[in-house]
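First comes one chain, alone, set out as structure tokens in the form predicted on its own.
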């Protein structure tokens, strides 16, 4: 059942018994050997999508194939060939890290001669070498999360499905893990299906991303093409000489209607804003600098990040939803007056 695609989903839908429509006619294709990111806010439908793809819950309608196998008919075959990291913890807390990894390797029938070598390599990669003989119950949450992810790299599955894998990891561990994912895909031609709400991770890691909102796929493309296609905003970064002036500057910027998003820069005395018209903003900002006598260290205009794109996409979807609700309310009001 060889194919150039690892996952094909067509109108994949999940409606629960309580009426909640968690995933709404989602369609996407994941090529073999790529890292595919499913991005969205908490509750957008990411975890439900993963449960359907990994055959943990059946779709209400639509279809999906994993490595050429049907999720409804071939669950056993699919589970033999994939690795899955869910958000819930899944291990015996009374085992040591070494024992847990050894047990998992034996469950996957990894050759005894390879187990020690694989454990040595993975614990080094995931920063677990110093806790190999410590019971899992005594590990920090971040260490337990790293162990849970490391286990899935033990066996040579063709497809890894990772649901928010870096939750609880510190900055260094997270970056090390992202680099390891990229190396593994390149060296072993693995496919990774990756969900996250940390957009910068997806921008760094993924070849293709899909944005899911209220269960619907609202955008699908490479991170670079999404930035070109779905936004015309720019980012303006303003750095002042005097940190004490930041709160005053921030308040003045709030009065400029051209600003779509504003945040203070944590590592320097500055403000970063998102605007569709950076040059009109600069005209207004020049008036503020002149009247308030701010000392500007630097000012730069740059292209948006993927996070800026997603904020705009989701904002547009929410506005459309509000507009549709308002139209329906107006229609009901007219009908009531007519009757």
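As the structure is a prediction and not an experimental result, all values here were calculated from the model. Numbering follows the first chain given and starts at 1.
This next part talks about the form predicted in complex with a small molecule, which is not shown.
In the model of the complex, segment of 45 to 53, 292 to 300, 58 to 66, 267 to 275 with a heavy atom within 4.5 Å of the small molecule
Careful reading of the contacts points to 45 to 53.
Residue contact check: residue 164 to the small molecule in the model of the complex, 4.5 Å heavy atom:
Residue 164: contacts the small molecule in the model of the complex.
Does any part of residue 261 reach within 4.5 Å of the small molecule in the model of the complex? Heavy atoms only, please.
Flag for residue 261 set to no.
How about residue 80 - does it come within 4.5 Å of the small molecule in the model of the complex, if we only consider non-hydrogen atoms?
Heavy-atom contact with the small molecule at 4.5 Å: absent for residue 80.
Test of understanding: in the model of the complex, would residue 87 fall inside 4.5 Å of the small molecule by heavy atoms?
Contact check for residue 87: yes, within 4.5 Å of the small molecule in the model of the complex.
Proximity to the small molecule in the model of the complex, single hit among 156, 182, 197, 135 (heavy atom within 4.5 Å)
It is 197.
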